[in-house]
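This document starts with one chain, in the form predicted on its own, laid out as structure tokens.
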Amino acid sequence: MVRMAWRNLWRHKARTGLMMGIVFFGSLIVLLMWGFTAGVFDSLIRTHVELDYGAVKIYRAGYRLDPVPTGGFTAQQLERVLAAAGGVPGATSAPRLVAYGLLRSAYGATGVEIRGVDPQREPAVTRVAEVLVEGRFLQEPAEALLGARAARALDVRVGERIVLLSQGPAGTASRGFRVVGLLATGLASLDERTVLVSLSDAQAMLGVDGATEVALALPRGVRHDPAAATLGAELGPGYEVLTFARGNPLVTGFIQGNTGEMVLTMLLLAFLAGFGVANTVLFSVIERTREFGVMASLGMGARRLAVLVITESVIVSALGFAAAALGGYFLVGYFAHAGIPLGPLATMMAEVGIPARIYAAVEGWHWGASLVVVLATGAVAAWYPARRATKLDPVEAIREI
């Protein structure tokens, strides 16, 4: 049946080429859209994970409901958490002490997140030390890193002094720092509203000896959920272990919502392509009425005749998709290396953590799902023409001119 369908297709090259063209353009658009959408999602997640959150975070149970420095880990609890994190194969960890307060410069003031980090351990978890546009990373006491956008807003330059104020256990606490570097991460939360200081400085300023969170980085390809589950089981109920996906429901919801829209778009394009294929297959059945009558008179049953028409449609759909996959592979591969600059949209996209240049990405399940949809659409599109072919009367069909 397949060999017969193949021969029939190439007896009518123009019609076969038309059907292949319809499937090709529809499939190519779907594959490119998947590639660019996956690239946006991948860029969004990697930016947050590699520059801010980490792959997994560990909190003391109840801290997120009342995020004050005294609700974090004590020194003994912090030591236990770091030891547990060290047992995860390939993982690196870094403690942080987070508080909210006020940044004052000679030219203004603004509310900020004060983040105390370990200058030795933090660069092993995030790439924050690699995105300095000026100055250097933290080394000495009383040094601070500031987002470049916040620095411009407050007219602060590298080498100038700032004052941080926050609420500690003993009341309002303040401390002076010298700005030694400016960050440009592409994340508005870091570039506009966060000041990085050393963990020891934050502890001295706030009057605590522990940390509020521990961030973990995992090797590429290692799934976050199993690592988080292992840590949660080891640490017990007094601790909360969250992956990036669980700890950031807004980002996760954004990705899930847009994935749903992409699926609907793919189905719509498949429907439109299927409509074109159905019309062409129907025209083919009408044009080949006499041919089908001869086949029926020679003993080909109605069921086999229907299978022949559907097989031809599926083969054409597969060929069209294969051509689209080949073209899509090279195009997506090119944009995966060259990227696409967002231009004027970059500032707006930075609010949700999408960098100024996005790169396409290839995910196998997107291509597999697209192939299944295309082949299914080809089969469904041929159903009515095939049904029409089975209802032909052999004698009347042979008389057709």
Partner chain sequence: MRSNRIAMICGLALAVGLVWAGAWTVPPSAREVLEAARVMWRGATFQASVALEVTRGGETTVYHLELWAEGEARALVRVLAPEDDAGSGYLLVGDELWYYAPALGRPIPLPAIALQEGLFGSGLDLDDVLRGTGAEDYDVTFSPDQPEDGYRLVLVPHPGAATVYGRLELSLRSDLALREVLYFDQRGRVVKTTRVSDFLEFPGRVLPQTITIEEASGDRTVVTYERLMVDVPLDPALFTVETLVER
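Small disclaimer: the values here were computed from a predicted structure and weren't measured. Positions refer to the first chain, counted from 1.
Beyond the structure shown, there is the form predicted in complex with its partner chain, which is absent from this document and is the topic of what follows.
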property: Its partner chain in the model of the complex reached by all of L102, A106 and V163, non-hydrogen atom within 4.5 Å; result: yes
property: Contact residue in the model of the complex, chosen from A202, A228, V156, L218 - any heavy atom within 4.5 Å of its partner chain; result: V156
property: Heavy atom within 4.5 Å of its partner chain in the model of the complex - residue from Q76, N258, Q139, Q167; result: Q167
property: Any non-hydrogen atom of H224 within 4.5 angstroms of its partner chain in the model of the complex; result: no
property: Any non-hydrogen atom of P237 within 4.5 angstroms of its partner chain in the model of the complex; result: no
property: is_contact(S174, its partner chain) in the model of the complex, heavy atom dist at most 4.5 Å; result: yes
property: Region of this chain that lies against its partner chain in the model of the complex, out of 148-156, 191-199, 249-257, 311-319 [heavy atom, 4.5 Å]; result: 148-156
